[in-house]
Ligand SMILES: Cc1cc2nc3c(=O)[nH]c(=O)nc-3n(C[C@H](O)[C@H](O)[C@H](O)COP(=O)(O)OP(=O)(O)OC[C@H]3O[C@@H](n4cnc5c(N)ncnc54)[C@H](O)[C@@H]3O)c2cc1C
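Let's start with one chain on its own, the form predicted on its own, as structure tokens.
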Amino acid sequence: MPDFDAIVVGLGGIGSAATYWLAKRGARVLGLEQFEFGHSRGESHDHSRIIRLSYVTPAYVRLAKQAYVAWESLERDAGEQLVFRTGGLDIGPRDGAIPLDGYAQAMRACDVPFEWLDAAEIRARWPAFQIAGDVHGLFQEDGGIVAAERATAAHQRMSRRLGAVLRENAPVTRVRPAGGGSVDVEAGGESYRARKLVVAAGPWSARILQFLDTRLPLEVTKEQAMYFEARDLARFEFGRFPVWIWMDDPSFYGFPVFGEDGAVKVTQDAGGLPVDPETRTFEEDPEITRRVTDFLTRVLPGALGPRRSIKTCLYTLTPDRDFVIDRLPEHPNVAVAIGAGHAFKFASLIGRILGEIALDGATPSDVAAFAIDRPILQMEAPPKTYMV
């Protein structure tokens, strides 16, 4: 008899969600984290992540709608607000590298209300934006913030309450198929057996998948979030300013004041250099700093006050920037999720989907586009497209 119905490897945002949803289904669950709970070495820490219904394809928009429902379930169980609606603004030049028309079409296809805004309307609503007439935007009122660290902690807390066993400082050193369709896992000097395995190891996914002779063309990059003490703080107060994404190349995004009093969070999306997650540093990337500072000087000068802090994180990027949410073809009792550097907003939902795949063999959610054996993931040197 296996020790557990499911073992989850990695207890960041997605893995912690998977333990919650599996335990909510009544499964006997073991969650394994190689570092301490809440560590800052991976992808899921810091105060905030953007959540939005604005996405470039209907498949993502439909998943985003389901994500809000999944977060609401966790909020009810945990008795804690984790999603904060601020409104979300996608903004950029009309001839920018990320056209807004596709986002508008995808939202229309999914009956998501939004507004087209020209530069004058954007400046009137949020005077902090110093933009020229060639800039336009999409505003969607449900966009906002997921309180990232709090959300991960809530998933873990509720997992334990539902009977899951969570272990920190337990790095996985071996995974191998066992008899009867089970999986054996060695971690932290202990051996475990489960009917199902869920891999949500983020930047360490490649290492775990190698135990199962699976290789994917993933690239891990070191990113950084920057907190500025805004010169014109009132314009960036929570409740007065939206989350926003600058839709061009390079792409930037930011938040109203949230999590750190008097400080505004701004960063570049996918602007970091490739690193090894085992040896990466936590030092500032001066090129990201320069690009963010130059952008704020041009577009949001009121945000550019003294720099309070820099926080680094990792992205685990697929070449097409789409998720992986699937079972391993050669090991159908192993489910895998890779978030491609934009999944935290979906974390609770992806955790639920992983639980469905593990326990039921399938999910009612449409994740066909995120198959692990899609053509681009079979290429030796695939082209990379990191703009979303």
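Values in this document were obtained by computation on a predicted structure and should not be read as measured data. Heads up: residue numbers just count along the shown sequence, starting at 1.
There is another form of this protein, the form predicted together with this ligand, and it is not shown here; the text below is about that form.
Looking at 22-30, 339-347, 358-366, 59-67, which stretch has residues with any non-hydrogen atom within 4.5 Å of this ligand in the model of the complex? Contact-bearing stretch, as computed: 339-347.
Partner proximity in the model of the complex: residue 272 to this ligand, non-hydrogen atom cutoff 4.5 Å: Residue 272: no contact with this ligand in the model of the complex.
Just checking whether residue 248 would be counted as a contact of this ligand in the model of the complex - the rule being heavy atoms within 4.5 angstroms. Output for residue 248 is no: heavy atoms all beyond 4.5 Å of this ligand.
Does this ligand get within 4.5 angstroms of any non-hydrogen atom of residue 202 in the model of the complex? Yes - in the model of the complex, heavy atoms of residue 202 and this ligand come within 4.5 Å of each other.
Contact flag, residue 135 vs this ligand in the model of the complex, heavy atom cut 4.5 Å: Judged by the heavy-atom cut-off of 4.5 Å, residue 135 is well away from this ligand in the model of the complex.
If the cut-off is 4.5 angstroms on heavy atoms, which of these, 103, 139, 126, 255, is the one near this ligand in the model of the complex? Going through each option in turn, the one that passes is 255.
Name the residue from 262, 171, 99, 113 that puts a heavy atom within 4.5 Å of this ligand in the model of the complex. Result of the distance check: 171.
Members of 8-22 lying within 4.5 angstroms of this ligand, judged by heavy atom, in the model of the complex: Result: 9, 10, 11, 12, 13, 14, 15.
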